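Only one chain comes next, encoded as structure tokens, the form predicted alone.
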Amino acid sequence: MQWPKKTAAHLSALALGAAMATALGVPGALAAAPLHPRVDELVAAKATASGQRLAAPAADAEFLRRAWLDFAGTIPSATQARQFIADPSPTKRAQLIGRLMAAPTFAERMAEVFNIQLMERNGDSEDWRGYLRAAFATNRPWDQMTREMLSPDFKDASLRGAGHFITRRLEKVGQQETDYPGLTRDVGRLFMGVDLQCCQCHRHLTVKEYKQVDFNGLFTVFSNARLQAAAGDYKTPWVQEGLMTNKYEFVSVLNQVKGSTGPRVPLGAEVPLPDPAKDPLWIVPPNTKTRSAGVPKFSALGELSRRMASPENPYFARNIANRIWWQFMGRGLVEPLDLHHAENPASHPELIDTLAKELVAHRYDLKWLVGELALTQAYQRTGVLPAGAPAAPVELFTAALERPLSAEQFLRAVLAALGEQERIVEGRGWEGLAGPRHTLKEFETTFLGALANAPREPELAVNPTLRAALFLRNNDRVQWLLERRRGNLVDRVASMTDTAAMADELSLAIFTRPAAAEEKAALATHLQRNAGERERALGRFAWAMISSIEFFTNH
């Protein structure tokens, strides 16, 4: 399979985009001018200018597994893999993406992605997860979601879950003070790609654009907020703002220079504060009898949320475009993700500008952006460069980058591969089986405890650990999955007699591809050596496959 030439590529892109747009119900006007061929032109131009060759398209099996993991959070069945690989349709990839993105599992997958990115394993909340699922199921624009997270409506049952982003970070840990600096830093880096940590006490020592006033303009917004316990109309912990009429004063520890600021979006203009002599200060005045602190008319959180999630703030669109690119391509156009500044330019400046501009034009429609990226040659490339091509810098995106699976993806892929999804996820198929019955919650606790990153550690990479290796080798639930039970993978393969067909079934179920000749030979040898314990031998062979780097990565 070869990519078409430039003119044909544009025609093909239009056809592919129209096919997926039809599946997703996208208006024809948006499908008429697709983004993905422009993305590919910019990636190819940079590679050519750097003297690098582009990798060929991924094989159907490689693409199928990648798409399922990215858009459904799991892998397809062996039957689904066979059907896709055998399908001769030239638009089957676009149609697959369309189906996966139209399915309910896409919203669940995106909610999971953003939960990991925004909360960084720092506590859980069903209200928060429900908010994210509903937002992605209805394709809520990213600017609207951001406003709902930074200035939450805690009385609205459908929106209060958004407040978990702030309330979790305002919770005290032991005897420690509320971590207002941590919340300040998190908002800057996660919503703008600007890490202001070094600016709390002085100007940034290495980034000229980042000033102490930027940190403190954001800090004063959050230090004015107080976490309140659920009560009355508030069914969850909520945030109450105090009256704000004075600027926040700060001093540099480097040169003792003093400064002051009202609320401000980092690298933006200061928000004017109300004048006590002229402006009304309260919507609901404080009440000493009821000990109510009142509701100020000026909301610093409201001002911040509106000004941050605005087309006038260029960092906002660039940051989310960069993070979406990172999620699906394995590396950001700007790296590190939270250090956008003039001396750290994007690997493809015109490309990130295009993504940000188009995202604003499409009203921060993340589903549209994800769909366009999925149709690019950049996303659909194999990870192997052409024979004889020199190794290329990863930031050129000349070949697909391997991405480790999240703990959630890994668990779902294991359950799907080993044929225990119906029992564990759906709770069906236990009839007549002896022994313990396990639940999905039990598996989630076990797998996330062994494979997920530590709380508050950005999950930008998943590094193999001794703990994870020992878990896969010794954990009782992992070993349980490898036992023969009615209808699971070991049961299906054990009932077969042809070792080549057995190897194919194992490989299609686990790796989403047919088995190679040497793999078929290895299985035959393994079974011959363990003829007296055939079922256990098949379980051990499957264990070796799910423990491999090939299974642990999204190619």
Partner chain sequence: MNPLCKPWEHAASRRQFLGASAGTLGGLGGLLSAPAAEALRAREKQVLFVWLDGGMSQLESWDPKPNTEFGGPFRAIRTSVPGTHFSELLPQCAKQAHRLCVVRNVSTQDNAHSSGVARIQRGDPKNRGVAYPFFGSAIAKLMGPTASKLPPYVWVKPGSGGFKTEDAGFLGPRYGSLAFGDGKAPEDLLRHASITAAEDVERNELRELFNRRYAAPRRPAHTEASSFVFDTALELMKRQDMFDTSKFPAKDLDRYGRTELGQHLLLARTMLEAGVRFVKVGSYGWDTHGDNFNAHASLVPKFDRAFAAVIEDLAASGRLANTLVIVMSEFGRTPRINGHAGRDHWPEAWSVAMAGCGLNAGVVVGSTTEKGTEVKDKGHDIGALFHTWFRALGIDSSKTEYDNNGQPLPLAHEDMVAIKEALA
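Positions refer to the first chain, counted from 1. Keep in mind that what you see is a predicted model, and the values were worked out from it rather than measured.
Another form, the form predicted in complex with the partner chain, is not on view; read the next lines as being about it.
- Candidate site formed by Arg467, Leu470 and Thr553: every one of these residues places a non-hydrogen atom within 4.5 angstroms of the partner chain in the predicted bound form.
- Proximity to the partner chain in the predicted bound form, taken as heavy atoms within 4.5 Å, picks out 518-526 from the listed stretches 53-61, 518-526, 490-498, 36-44.
- Contact annotation: of the candidates Ser292, Asn475, Ser252, Thr354, the single residue with a non-hydrogen atom within 4.5 angstroms of the partner chain in the predicted bound form is Asn475.
- Note on the partner interface in the predicted bound form: the residue among Gly383, Gly123, Pro349, Pro285 having a heavy atom within 4.5 angstroms of the partner chain is Gly383.
- Contact annotation: Gln175 falls within 4.5 Å of the partner chain in the predicted bound form, judged by heavy atom distances.
- The partner chain is not shown here, and in the predicted bound form it never comes within 4.5 Å of any heavy atom of Gln144.
- Contact check for Pro90: every heavy atom lies farther than 4.5 Å from the partner chain in the predicted bound form.
- In the predicted bound form, at least one heavy atom of Ala454 sits within 4.5 Å of the partner chain.
- Interface residues of 364-395, taken as those with a heavy atom within 4.5 Å of the partner chain in the predicted bound form (partner not displayed): Gly383, Val384, Leu385, Ala391, Ala392, Pro393, Val394, in sequence order.
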